[in-house]
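The chain that follows stands alone, in the form predicted on its own, written as structure tokens.
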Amino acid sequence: MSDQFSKKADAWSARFNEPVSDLVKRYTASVFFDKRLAHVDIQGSLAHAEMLAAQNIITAQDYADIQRGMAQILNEIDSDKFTWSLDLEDVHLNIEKRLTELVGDAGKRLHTGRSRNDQVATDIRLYLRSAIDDIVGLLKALRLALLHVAEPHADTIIPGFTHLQVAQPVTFGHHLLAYVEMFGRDTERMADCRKRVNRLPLGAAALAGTSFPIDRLRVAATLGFDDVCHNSLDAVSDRDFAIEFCAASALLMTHVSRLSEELVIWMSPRLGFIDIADRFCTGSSIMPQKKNPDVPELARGKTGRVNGHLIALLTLMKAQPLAYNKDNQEDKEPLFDTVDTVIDTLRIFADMAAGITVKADAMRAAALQGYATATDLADYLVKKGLPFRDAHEAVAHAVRSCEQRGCDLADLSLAELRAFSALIESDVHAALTLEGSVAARSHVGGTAPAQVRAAIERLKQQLQ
């Protein structure tokens, strides 16, 4: 039987009377995308083998042989000398077959007390845990890059918009800090997701556990898991952690997309608020004057890609009975692509954000349009004793008059302003300046330059 197994391509082929067709092999194989799990597969296998030896399920010599064989396999993979076989279907059987070639029966004993079901679930969790750690680090780098740009522009005035209409003046530093906050929440979500990723399914075997006297807590400790999955059926069939990661990634990419949209708008010659370094842009094949913000545009598009992966995983799991089903093979490509997309996007955005050129004069000129200090005039009247709704109406009349005359509220003389309310006095013009408007919002979370600088210092300390 031992010799028969070594000659057969499949670990289960003794059960069947005919070989799997080439079409079915290609259709069901996962090796050419799940081979990226090779390192974590070996890491998990070594921890499993160490436990088997400690529990006297395999001998110390078997464990030593497995260690030796796995070291060679790692070397072959890292030097791109490992031969991946479609006949062996996935990363697990490819590594197991090579291990058996190298160390003989010890390699065949490695699979004692486990199944590919709990093995792959463990591999994915190990892989995703590492990916989350990378993403958290990249989010920190992006937030620091945004802080780097925000700090010298804590008092650079830019129009704040609602409905893409000029609303009130804010500072550019304050505007960027909104994204620092968004990406901070993304960091929290990733860290929270990691807690549920970091539970060990190994030991659940195919679905019911194993009759061997294994020590799951030992394996969990060896691999750095916080706990084990406590139900064998759930352990092998659960993909909540992958869905949760994709949901957090979709929200992260939504924030990237919102920033991308603003970068595209700000870079437009119609506004000209910023410039992006040439290395993040492309030209036109026909229009020589063009400088297109391709990176933000593509990131905006890739957000839909990540959203699609979330829907794909939700749909994949929605009708699966317990426990493991072959459907779950389809979890890897969406998950892997989500990881790749998020990591690549964050890496490039941190670099791009740090090199943004700010055009403060254009920002200020835009803030002088659209009666951005109208709310300040209303607040001024309220402080003089006028009910807010009456103040709102008086300022609305003043704005309408300015529109007809083609001027700003700050351009009106004291006498002209008093025509709208007798409460207006000579101190009104201080309230109508852009600087006065932003300085008046001096509370935690406000756009006053002093508050923006305090927020930047607080965030820098958090990110140290």
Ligand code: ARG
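In case it trips you up, residue 1 is the first one in the sequence shown, and so on. Worth saying up front: this structure is predicted, and the values here are computed from it rather than measured.
Only in words, not in the display: the form predicted together with the named molecule, which the text now covers.
Asker: Ok, N231, T100, Q72, Q329: which has a heavy atom sitting within 4.5 Å of the named molecule in the predicted bound form?
Answerer: It is Q329 that has a heavy atom within 4.5 Å of the partner.
Asker: I need to confirm a contact call. Of T187, S260, N117, Q168, which residue comes within 4.5 Å of the named molecule in the predicted bound form, counting heavy atoms only?
Answerer: Here the answer is residue option N117.
Asker: Heavy atoms within 4.5 Å of the named molecule in the predicted bound form: which stretch in 388 to 396, 291 to 299, 148 to 156, 90 to 98 meets that?
Answerer: Stretch 90 to 98 is the one.
Asker: So, in the predicted bound form, is W266 in contact with the named molecule at a 4.5 angstroms heavy atom limit?
Answerer: No, no contact at 4.5 Å.
Asker: State yes or no: in the predicted bound form, is some non-hydrogen atom of Y324 no more than 4.5 angstroms from a non-hydrogen atom of the named molecule?
Answerer: Judged by the heavy-atom cut-off of 4.5 Å, Y324 is in contact with the named molecule in the predicted bound form.
Asker: Taking the shortest heavy atom distance, is T433 within 4.5 Å of the named molecule in the predicted bound form?
Answerer: Looking in the predicted bound form, residue contacts with the named molecule do not include T433, since no heavy atom lies within 4.5 Å.
Asker: Heavy atoms within 4.5 Å of the named molecule in the predicted bound form: does D34 have any?
Answerer: Flag for D34 set to yes.
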